[in-house]
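The chain below stands alone, shown as structure tokens; this is the form predicted on its own.
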């Protein structure tokens, strides 16, 4: 296995990642009454709004300090303060999540210091201000997402809380459908859950007669403040920074943190449910035993169609780890796992997730772009390509079926409703994979067939 793709050039071509403040903006959108605010140029906010809207099909406002060339020389402090006043007046938010950009990090704006000045210059009742450092050249959208969550926990969590029997769940960047399913599971286990962030309503809400500047929903601020009172935390993912939200709660407030792989497939979901039983002291509800049983039955039904098929997977590191474990579980062989992230943990986590199942490990690359992925795809000739919409042109060019998962899904409707997690998510993904293989066989047949 390799950690870096072979290159004979320096530039990145069609990166397999998105920018860091975009991830932070999505995390802040999962907090009650919050407005994401970019300290940078207007173009950054415009690009991110367009990108996020295309996936979720929901309006999203991202404020900006709208810096110009002048501010690159003289500093963006005045614009930051003016923008905060404007956002407070127009939106009346409960929280403003302030993410920096390449420009303001490069010129060296001291955002925490500027916010202290702002508090002194404009006393009185104001929204909570949560800054996070997110220069795009320093990571991917997932680093921005996790750093925003950690900054929120650091800023809001309070030690003086009455102990509860609840659980904190930090799911990372999953779909609104996934979060709704997590809520259903924890409710069925009798565990009050604080899910941070919670985009299940803010990025996939019902239609309203009038436009809501700040959509209802998101993790309540009061629940974030009392996260230290819950019995434990469950945090999805192993490739994130050690200074994550779950680790902060563990180190500062002694809340036990279970860091687990994303619950994709039977094995990972078994672990998640077993952890809930340990925390809550309850047994697994019968409905999930039934879901698991139906899933196993479908694995048997579909095994003959997909056994031994090969797949290339790309996207966010932890999502790719979860997908590789799921594919190995159903008999599909991952031959290439690629991500634009550079955590240094990617290859090791792939091996942990698949080492007991696969006879040989896939090629694993960090810091990958789609130029590299295409070259390797032409060489490896996989049966399936699995990832977000940015791989669709490659799949079309090579006439290989693509399974669209993760973020962003730009060329299909319903990206926000894709279910990835749990037995139910595995059932959905399994059916997608099997039917993609069957459809490819039908399309390639000179006569086709209609009976399996």
Partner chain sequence: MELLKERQDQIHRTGEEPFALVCNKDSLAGAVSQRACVFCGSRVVLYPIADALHLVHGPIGCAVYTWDIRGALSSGPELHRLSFSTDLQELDVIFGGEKKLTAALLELIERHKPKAAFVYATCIVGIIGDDMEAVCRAVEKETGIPVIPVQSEGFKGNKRAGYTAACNAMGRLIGTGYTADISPYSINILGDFNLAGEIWMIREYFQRMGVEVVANVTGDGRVADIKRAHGAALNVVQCSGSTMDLANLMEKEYGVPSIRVSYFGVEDMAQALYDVAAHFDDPAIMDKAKELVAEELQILLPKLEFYKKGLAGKKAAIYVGGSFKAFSLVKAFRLLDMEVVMVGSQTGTEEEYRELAEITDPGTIIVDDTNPLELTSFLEEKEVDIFVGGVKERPIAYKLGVGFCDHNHERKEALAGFSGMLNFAEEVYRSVMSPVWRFT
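Numbering follows the first chain given and starts at 1. Remember, predicted model here, so these are calculated numbers, not experimental data.
One more form of this protein exists, namely the form predicted together with the partner chain; it is left out here, but the text below deals with it.
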Fill in: the partner chain contact in the model of the complex: residue 427, any heavy atom under 4.5 Å
no
Worksheet entry | Exercise: residue 299 in contact with the partner chain in the model of the complex, heavy atom 4.5 Å | no
Worksheet item: Could you tell me if residue 209 has a non-hydrogen atom within 4.5 Å of the partner chain in the model of the complex?
Response: yes
Worksheet item: Closest heavy atom of residue 13 to the partner chain in the model of the complex, within 4.5 Å or not?
Response: yes
Worksheet item: So which of 106, 187, 307, 252 gets a non-hydrogen atom within 4.5 Å of the partner chain in the model of the complex?
Response: 106
Practice prompt. Scan 409, 418, 402, 62 and let me know which has any heavy atom within 4.5 Å of the partner chain in the model of the complex.
Written response: 62
Item to complete: Just one of 116-124, 330-338, 130-138, 285-293 has residues with a heavy atom within 4.5 Å of the partner chain in the model of the complex, so point it out.
Response: 130-138
Fill in: Residues within stretch 75-97 having a non-hydrogen atom within 4.5 Å of the partner chain in the model of the complex
79, 82, 83, 86, 87, 89, 90, 91
